[in-house]
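Just the one chain here, laid out as structure tokens, in the form predicted on its own.
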């Protein structure tokens, strides 16, 4: 029995090898398989490299709309310069770290190219006119993902409440810890100037 089983496997391997070596018009199936595998690796490497290049602060402030408006505001905050030297860049707050969430965010952000092409915020006046709308989109996104990007650096489980103000201590230990609120509910103006907040809860 073992001999027939071995012969069966040998026969299967021989047939497989013949298929891989058989010319498929001009190239063997084996060559096409290996070539496709190598091409896939090259494509995947190129794709990931392109994604990471678009995930840098240099890329984010490459257009004057961001460089001259929100980036200048960020530079005046604790997220840009502080006593510890730990700095948050644009992607740290606006792009999720997990790969699937990151790709989904990149797909969402692709519509911003449309705005760039048609100059929807290419002047300071246009930017200020759309500031509330842009901010609300970002607040809604952070609210929906439970302030995921904030939590990449901040974790309330390790907060030393004794180092916080009484108001912050009370909010963090109750509303945040219970899940009733998320970071963006109270920290909307943490890195950028706020738009007109008329009608926004808590303001």
Partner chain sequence: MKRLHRSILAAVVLVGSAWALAQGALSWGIRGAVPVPETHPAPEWPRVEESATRRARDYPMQPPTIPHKIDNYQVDLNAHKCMSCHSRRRVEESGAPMVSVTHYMDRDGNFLAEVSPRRYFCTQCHVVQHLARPPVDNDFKDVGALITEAADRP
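Residue numbers count along the first chain shown, from 1. The structure displayed is predicted, hence computed values, not measured ones.
Although it is not shown, the form predicted together with the partner chain is what the next lines describe.
The stretch among 165 to 173, 137 to 145, 152 to 160, 62 to 70 whose residues place heavy atoms within 4.5 Å of the partner chain in the predicted bound form is 165 to 173. Within 4.5 Å of some heavy atom of the partner chain in the predicted bound form lies at least one heavy atom of residue 77. Scanning 56 to 71 for heavy atoms within 4.5 Å of the partner chain in the predicted bound form gives no residues at all.
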